[in-house]
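The chain that follows stands alone, in the form predicted on its own, written as structure tokens.
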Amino acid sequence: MSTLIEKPRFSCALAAQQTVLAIPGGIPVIHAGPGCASKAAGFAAFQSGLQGEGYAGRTHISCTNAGEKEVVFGGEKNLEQVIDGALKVLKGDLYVALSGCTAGIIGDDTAQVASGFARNGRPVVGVDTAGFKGNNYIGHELVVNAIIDQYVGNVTPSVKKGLINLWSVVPYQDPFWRGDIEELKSLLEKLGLKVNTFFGYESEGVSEWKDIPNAEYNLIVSPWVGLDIVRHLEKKYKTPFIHYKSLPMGAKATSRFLRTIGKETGVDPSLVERVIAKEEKRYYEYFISFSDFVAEQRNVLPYELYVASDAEYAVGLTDYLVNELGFLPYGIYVNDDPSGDKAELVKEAFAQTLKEYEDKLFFQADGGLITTDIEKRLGKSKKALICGSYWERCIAKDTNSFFLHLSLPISSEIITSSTYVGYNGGLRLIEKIYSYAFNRGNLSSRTHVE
């Protein structure tokens, strides 16, 4: 039976328009009712750390604005005209037509319309992303696989030694996606690997997408999002994939990540260890300097941990905060709505480093129920760190708890290139978490005031 959820943390499949916008030169064209594209962008861009609309985004997105006429007579002709107009007006390298609920209900074939342009040499892809297909995590996978099938196409791979296709966070839905992808790429390049990232400012755009079949490996850094992509690529191009089930944060997890990837890709172990030794030396020198603050203010610092985010961050962040900073998890809420075998993958990822806390892991997409459970577990405690969205920020404010923005919606913090991934991300987390002590109003530079 269908249910309503309170305080949602994700959008519908159509919000995968943001996946297209994250591709340099990517232009989304929407076949949906009035307001759908704007609402999706408002949530996934502006409620994601105020990341902005970008070129051809939000108010500039081409849309059919399908209405009663299209419902009665069909809207494929209208979509064809809008795509033709977008090709003439908007400068891009890849145009992706995405259909919403209206088109999905009446059966308009977006891919068929797009194929007419593709046959004439135009870089146009069509994909059905009607809202009832699932959330925008699912929409992201649908869009990526459509681009692979319709744009990259059936080609014979010419495998390049050391080339990796990186699949990880969902652009915009992860508010730190730009920095996360850049940091993962940087870590892999330290091992001498070449990396296709596909999204963000460091990507070379459509040339990387055309290069997908030539990769030696596909690397997925995520418990479940992107798994359908790499399985599809394995079947289509016979490219093996490496599944790393959590985002590496801090020294222990990042060193473990580098050793695992190095072993899987055949990198010289001595090179891997040299990279780790250099990075850990720098990391722990900074970490030791931070320990002075902990020693002085230890009586007022938090140790209870609550996390509300998608699976990637729920696993990666909890691993770091528990196993390196000494927090105790009281409630870890996975809200990207994995089900069945996908939920089992999240449990497996969590158990790899946090097995003794499996009873603190919850799958909950309803933000209202998350709020109720946190408040119940929190009680009158003043020793909690709450990591999550605007909704959890309200709990932290009401209870004078520590807080860290981690997941959507985020409307009171600007995010550009920030990341909590890797060695640098771990240090950044320390700065963000413990600087909050001064924002609570009960801590001076040296004196705790009751």
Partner chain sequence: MAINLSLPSPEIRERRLSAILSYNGTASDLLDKSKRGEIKCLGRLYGQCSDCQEGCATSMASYVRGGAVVAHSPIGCFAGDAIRDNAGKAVSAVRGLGDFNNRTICTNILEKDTVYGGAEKLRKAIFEINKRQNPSVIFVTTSCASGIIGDDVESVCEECADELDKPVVPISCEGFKSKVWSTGFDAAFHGILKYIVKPPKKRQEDLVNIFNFEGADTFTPLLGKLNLRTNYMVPLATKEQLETLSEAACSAQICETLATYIAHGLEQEYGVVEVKAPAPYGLNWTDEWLREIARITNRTELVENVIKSEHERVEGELGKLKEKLSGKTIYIIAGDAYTHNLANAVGDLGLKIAGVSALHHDQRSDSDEVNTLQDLVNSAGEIDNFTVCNKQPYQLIKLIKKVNPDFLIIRHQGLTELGYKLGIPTIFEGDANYSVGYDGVIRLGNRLWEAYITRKFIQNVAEHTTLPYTDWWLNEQDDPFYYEKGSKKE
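Note that the coordinates shown come from a computational prediction; the quantities given were computed from them, not determined experimentally. Residue numbers count along the first chain shown, from 1.
If you look for the form predicted in complex with the partner chain, you will not find it shown, but the lines that follow are about it.
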R231, Y320 and P329: each with a heavy atom within 4.5 Å of the partner chain in the predicted complex? no
Single option in A45, I386, L406, A66 placed near the partner chain in the predicted complex, where near means a heavy atom within 4.5 Å: A66
Which one, L163, I242, A111, L369, lies within 4.5 Å of the partner chain in the predicted complex by heavy atoms? L369
Taking the shortest heavy atom distance, is C12 within 4.5 Å of the partner chain in the predicted complex? yes
Is the gap between T102 and the partner chain in the predicted complex 4.5 Å or less for some heavy atom pair? yes
Can any non-hydrogen atom of I415 be found within 4.5 angstroms of the partner chain in the predicted complex? no
For L94, is any heavy atom within 4.5 Å of the partner chain in the predicted complex, or not? no
With the partner chain left out here, work out from 74-82, 213-221, 252-260, 186-194 which stretch has heavy atoms within 4.5 Å of it in the predicted complex. 74-82
Need the contact residues for 374-391: heavy atom within 4.5 Å of the partner chain in the predicted complex, sequence order, or none if there are none. Y390, W391
